[in-house]
Every structure is written in C-alpha cells, then in structure tokens.
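Before any questions on binding or motion, here is one chain by itself as structure tokens, the form predicted alone.
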C-alpha cells in the first residue's frame, strides 16, 4: 500500500510544527526582553502581527467586522489569524516535500514579514526584532533538520512521527504563552487586585435620581455595569500597566510642559459624573453605547496648568499601545465634564476599560476622545496632526449625533394584544434629550413618556404605552435634542462620522 498520502500530511505537519515552535520560542524570548526593560514597542510576534493587520485593515472591512462580530471582533481576528497562519505553514511543509530550499526560503520570508510587523509598532527599537529573529532561525533550522532526517528515513513510515512534531511545537507554544501571560502581570493584576487600589473620595459627587431609570422589564438599565459595557479598541492584548510606573506627559504648544504621576493625579480634587459613551461604528439600533458613573479629574484643570498657546486647537492623546485620538481643544477646556478618569461605577477602571487612567469626554464619539491607558496629551493643531482613525477615512471631528433605540419589544418577537410598553433609550450627549416620539405602522408620531434627565451628558430612558392589536406591526422611534432638532430620518452608514436614521422594529401581536 502506498504511503504517499500519509507522508504528504506529515510534511504539512512538519511545516506547522516548525512555524508554531518558532512563534513559541520568539514569544518566550520577547517576554524576557520586556521583563528586563529592553523592549520599546511590542516584541511578541503574534501580537505585533495582529496589530499590524488591524492597522492595515481598510475602513469597509473594519466596519464589516464590527457589524458582524460587534465586541467579539478581536476574538474573530485571532481565529482568522490562526487559520491563515496554520494554512500557510502547512503549505510550506507540503512544498518542502518536493522543493526543500524554496520551502525554507518561504518560511524565512514569513518570519521577516513578522519582523517587519514588530518593528512597525509604536515605540519599537531594534532590540524588539531580536526575539522574532531567534524564532525564525530556530524554525528554519528545525524544518531543515527534519527534512534531512526524512530524506534518510525509509518509506515504510518508521521515521519521525507527526505526534513528536506536534508535541514539540505544542511545548514551545505553551512555554511562550505562559511566559507572555506571566510577563504581562502587574502588581494588583486581576479583578481582585485592582479592587485593592484605593481611589480618593470625590470632592463633588452625584447620585442616581429615582426617576432616571423607568425599570421597564427587558429594557437596558440606565446605568450599565462595567462588565456589560461595550468595548471597542485596537488593542489585541489589553495593556497591563503598573500604576506606580504610570506617567502622563503634557507637551506640544504649551507654555509649561507637565509630567503627572499616579500619586499626583490621585491627590487632585476628583469629581464623579454620569457620562454616556458611544462608538462611531454603532449602527442604528446598535448596542455600542453605554452609560456609567465616572470618577476623575477635569482635563481642563490640567490644561490650564500647561497653558496652551494661541492657535492650538487640538489635543492628540496617546495610549500605552500607541493608539491616538485627536480631540478638539475646546471640548477639553469648556464646561463639560471631560475627565482623566480613574474610576468606573465606583470602582477602579477595569483593565479592558483603560486602567489605570483613560479619557472620558461627553458629546464626542470615542474615536476622537475616549483614549484608554492614556500616557500623553500633545497640544497641537488639526492642520498638523491626525488621530489614528482620521487618515483611515473617518472625519477629524466626531460630535455624537442624536439617536434613539427601541429595546423592548425586540424585533421579531411576539406580544399579546393590549397595552404593551415600548421602551428604550435616546441620546444626544452634551445637548440632552427633550422629547421622544413613537410611530406605529407609519401613523402619526405620538409622545413617549421620558424618564428624569440628571445630566445632558447621559442618555435618557423613555416608554410609550402602545395599545397593540392583533397582526404584524412596525414601530419606529425618533428623538429631539436640547437644541430643538429632531433626529434625522435620512439613512447613512456609520462612516465617516456616525450613522443616521430611525430605529424600527417589527413585532407580531397575538
């Protein structure tokens, strides 16, 4: 019986084992580089490769990914990367069955692409490439040795097994993964550890008004828990920052450069404020929006210390992972509650939401304001600098558009005839919501009952008591902001500056 099919698959396994083993060794070495303080950017090859892919993703594909996967977009990227990498490595192994040297050169070329990704990361230094180069050399050497061994092995299958190769690769990958996870620890890491961080009592606080939450069953609560709050950012691995080493640098077109430490920030008079944040990728009726109680120091007070120069109109904030946002200087210096936030819902910021410090700016979409893990504020001009998403097709300014959403009943659901509560939320941060209306089957607009509005920087709940009759019905909602402007019915996609249109659901009444 021919052994060719088996041997062909064994060569593919060799390619996968060589590549994954190289990734594992490189990850282990990169962790050591980071622990010794020699890394400048992101030396872990798989993370750097994924981050580079995010940077190169065209706008239409980014929108598609968020639209399809929502807050699971990163998990989808990891799965897609794993499939592509394994397929490429298997192809290299299969090529090696008949073309030894070209296969080794292809594996080396894939490694050099990864080196390029490592060096493309913000803050990268030459040393960052060393772990990946070590992994590439090991992968090429191992595959070459494996191929030479196979050339001396009889065709009866008595040579090296696929299990041996996979065990070796799995061990290398496991070692790399464990070292990477351990290396990214910070003092007090994890929910319990972060809870041990003592936040100062606010100098100015607010309470949730009794009429802010209507309590309609099935509707999203007025305050969204930290665990349920949406997360959209470009960080494939959540940065882990030791607060003791955190610094915020304020520089650029200022009279006085400032460097702020964690201890100095916590000594400032903190305020608590309700602020709703929204992602520009949120489609009509989407859930990439949430309201929370934030604790922080007003950014305007920090900028007043730095004294921006005449002509400056933008602040370019930078994250620990290199991501940037261009925020109008006016939005950070006016009377709105733009914060250097350290707390969320009366607890320290969770890592995925920016621990230890992030920006919270009412009235602007997150891509121009909500920098997590913030480390720099550069006072500059829109004519000089651009945030991460602006050169990728989004508008430079990102004011939140008036929007409303029906939470109950859900589209496609069946309800019983009689009085049915139609409820949801509406938002126009820093302008407020003054009215919400509902239309059934294209009929006249009817006023909904509004919940209390403790602040114009947060969303507002509403409910409409609908006298439902049997049959299929469509329900549409619209909102009016504090300037008296009704939400537009014109349908537009989220790019380049936010989606528009009325949210509509279809329900069946039994």
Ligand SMILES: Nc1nc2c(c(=O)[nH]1)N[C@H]1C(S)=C(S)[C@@H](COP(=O)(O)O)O[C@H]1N2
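Residue numbers count along the first chain shown, from 1. What you see is a predicted model, and the numbers here were worked out from it, not measured in a lab.
The form predicted in complex with the ligand exists for this protein as well; it is not shown, and the discussion that follows is about that form.
- A residue is said to contact a partner when one of its heavy atoms sits within 4.5 Å of a partner heavy atom; residue 378 fails this definition for the ligand in the model of the complex, lying far away.
- Taking the partner from the other structure, the ligand in the model of the complex has no heavy atom within 4.5 Å of any heavy atom of residue 236.
- In the model of the complex, the ligand sits within 4.5 Å of a heavy atom of residue 231.
- Under a 4.5 angstroms non-hydrogen atom cutoff, the ligand in the model of the complex has residue 371 among its neighbouring residues.
- This chain is displayed without the ligand, yet in the model of the complex the stretch 361 to 369 from 86 to 94, 435 to 443, 255 to 263, 361 to 369 comes within 4.5 Å of it by heavy atoms.
- Checked against the ligand in the model of the complex, the candidates 114, 337, 327, 319 yield a single residue with a heavy atom inside 4.5 Å, and that residue is 319.
- Contact with the ligand in the model of the complex, defined as a heavy atom within 4.5 Å, holds for exactly one of 279, 295, 303, 292, namely 279.
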